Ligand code: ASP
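To begin, one chain is listed below as structure tokens, in the form predicted on its own.
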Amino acid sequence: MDPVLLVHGGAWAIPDDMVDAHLNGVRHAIAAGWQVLNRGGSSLDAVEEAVVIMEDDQTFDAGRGSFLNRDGKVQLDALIMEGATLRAGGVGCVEHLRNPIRAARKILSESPHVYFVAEGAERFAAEHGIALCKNEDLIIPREVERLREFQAHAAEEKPDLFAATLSHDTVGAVALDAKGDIAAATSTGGTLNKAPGRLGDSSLIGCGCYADNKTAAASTTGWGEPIMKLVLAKWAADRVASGSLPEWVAAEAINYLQARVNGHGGMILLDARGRFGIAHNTPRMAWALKTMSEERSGISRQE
């Protein structure tokens, strides 16, 4: 098979002055993931490396620079899944990991379990050679000020916590390798001013991330609660299995998200034949694609 790599860096109303940062971020992620695929590496390794790049990039709501919760802390969630075996690893509400996708990968590879949360996830990570950090190391001044402004306005009025004008910079990747195996990964810091302990869709298997060689690999971004209610990544993968093209299914999934539960967000979708789809119903979505014959990236607009 000819490898394919597709990444996203969030679906929301990305401001004009942040477009270049988003484009650079998804391009760097594509470069890191493609390096793995180009040397014959696995789709699982490729999506992990692509997501790590975006976790390390303060542009996105993942890793360092993520949104702060109501208590002013960073709490991170991530999931990675292998389409050939259906193995998956996820972490939720971790506060002391720079790259939660690394911990998720360790769970997939070295644990009989699928999911760890909070202190248990951090303990597992440390026991498997992943260094912990201080929560303060994940916090940047931009997000301290963003939370301060949000909470100040919230005292006067009730803002929409999930509005598309707020950043939904969850990151994700899907890949197909030369062996014909697909994989998916998603990582996020969640929503601004979220209640401590809140989990969104990103790290939940079948909701914000899914991969099965018999169907498709998917990663979503956007307002998590509606995506969870529809188990949207699995919903989309199942429709690919019925014979529909990923391009059509991704669009159908986002239309379904809006029509059924008034949700908004975006999705990348890839099947084991290398066919892919990108869709969103937010004003903009950051994405990048690379195959053997082409490389593209963009901040697509919702018409």
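Values in this document were obtained by computation on a predicted structure and should not be read as measured data. Don't overthink the numbering: it's just position in the shown sequence, from 1.
Keep in mind that the form predicted in complex with the ligand is missing from the display, and what follows is about it.
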Check: Out of the stretches listed (217 to 225, 79 to 87, 145 to 153, 111 to 119), which one is close to the ligand in the predicted complex, meaning heavy atoms within 4.5 Å?
Finding: 217 to 225
Item checked: Proximity to the ligand in the predicted complex, single hit among R198, K73, K229, H128 (heavy atom within 4.5 Å) -> R198
Margin query: If we define contact as a non-hydrogen atom of the residue within 4.5 angstroms of the partner, is T191 a contact of the ligand in the predicted complex?
Written below: yes
Check: D61: heavy atom within 4.5 Å of the ligand in the predicted complex?
Finding: yes
Notebook entry, point to check: Would D212 count as touching the ligand in the predicted complex under a 4.5 Å heavy atom rule?
Noted result: no
Next item on the list: Although the ligand is absent from this view, report whether D169 comes within 4.5 Å of it in the predicted complex, heavy atoms only.
Entry: yes
